[in-house]
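Let's start with one chain on its own, the form predicted on its own, as structure tokens.
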């Protein structure tokens, strides 16, 4: 069983911290705890947010019995670890790699000492776990990226990264849901929207999901878009 600790974050939040590493098993514990606490609908709890290896519990101190909440968190956090390998069928996401849509593909290839085609094959051959959502609505932090293409982020971020850009930052990969600044290595772009407020379900992905990318050419990309 993984160890954990509970750390106050001011007077209206508690942080449950599991072991400090990027690991599907640790992440599965965090997501399972968040699901349990959300399902419990504890009076005064405003939000429960899982991350790579922790869970933030935000509550109204005037409406929440602190001791009861703490006891519930301790009990649920101590439950046996779920099976991190049990995931639903992967969500398949098309990507047009390279060119003006993936300006850093060559740099990632140089990092790994391999060809651009091999970068694409490696990136598209893995099944990634959505560890958490953050940064902007719909941005899914996914991993774990093959070490041969796990290039570090840029030391100076770009001012504008186009929506749909697929990037790598170390062992993480992700899709920019909107045009924002960003320092990840951009290897391609997808026409699929990770976040769309007009959809019945705005978020395409959630923590714990499985994702696979597949390559499409520019003509296919334009048809999707």
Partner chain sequence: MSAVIVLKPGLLTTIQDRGRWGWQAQGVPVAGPMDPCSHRLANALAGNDPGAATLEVTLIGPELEFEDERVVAVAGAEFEMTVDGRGVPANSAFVVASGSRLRFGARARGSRAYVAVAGGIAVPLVLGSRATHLISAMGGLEGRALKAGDRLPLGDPMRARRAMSVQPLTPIVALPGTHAHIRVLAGPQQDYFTHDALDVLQSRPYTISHQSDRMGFRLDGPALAHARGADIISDATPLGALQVPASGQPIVLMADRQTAGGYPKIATVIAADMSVAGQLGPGDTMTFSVCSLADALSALIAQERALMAVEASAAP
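Positions refer to the first chain, counted from 1. All figures in this text were calculated on a predicted structure; none of them were measured in a lab.
Here the subject shifts to the form predicted together with its partner chain, a form of this protein not shown in this document.
Engineer: Looking at 192, 42, 36, 56 here, can you tell me which has any non-hydrogen atom within 4.5 angstroms of its partner chain in the predicted complex?
Structural biologist: Only one listed residue qualifies here, and that residue is 56.
Engineer: Does residue 138 make contact with its partner chain in the predicted complex, using a 4.5 Å heavy atom cut-off?
Structural biologist: Result yes; residue 138 sits at the interface with its partner chain in the predicted complex.
Engineer: Consider residue 169 of the chain shown here, and say whether it contacts its partner chain in the predicted complex, taking contact as heavy atoms within 4.5 Å.
Structural biologist: No, residue 169 sits far enough from its partner chain in the predicted complex that none of its heavy atoms falls within 4.5 Å.
Engineer: Could you tell me if residue 49 has a non-hydrogen atom within 4.5 Å of its partner chain in the predicted complex?
Structural biologist: Residue 49: yes, in contact with its partner chain in the predicted complex.
Engineer: Considering only heavy atoms, tell me if residue 20 and its partner chain come within 4.5 Å of each other in the predicted complex.
Structural biologist: Yes.
Engineer: Heavy atoms within 4.5 Å of its partner chain in the predicted complex is the criterion; list the residues of 185 to 202 that meet it.
Structural biologist: Read in sequence order, the residues that approach its partner chain (within 4.5 Å, in the predicted complex) are 195, 197, 202.
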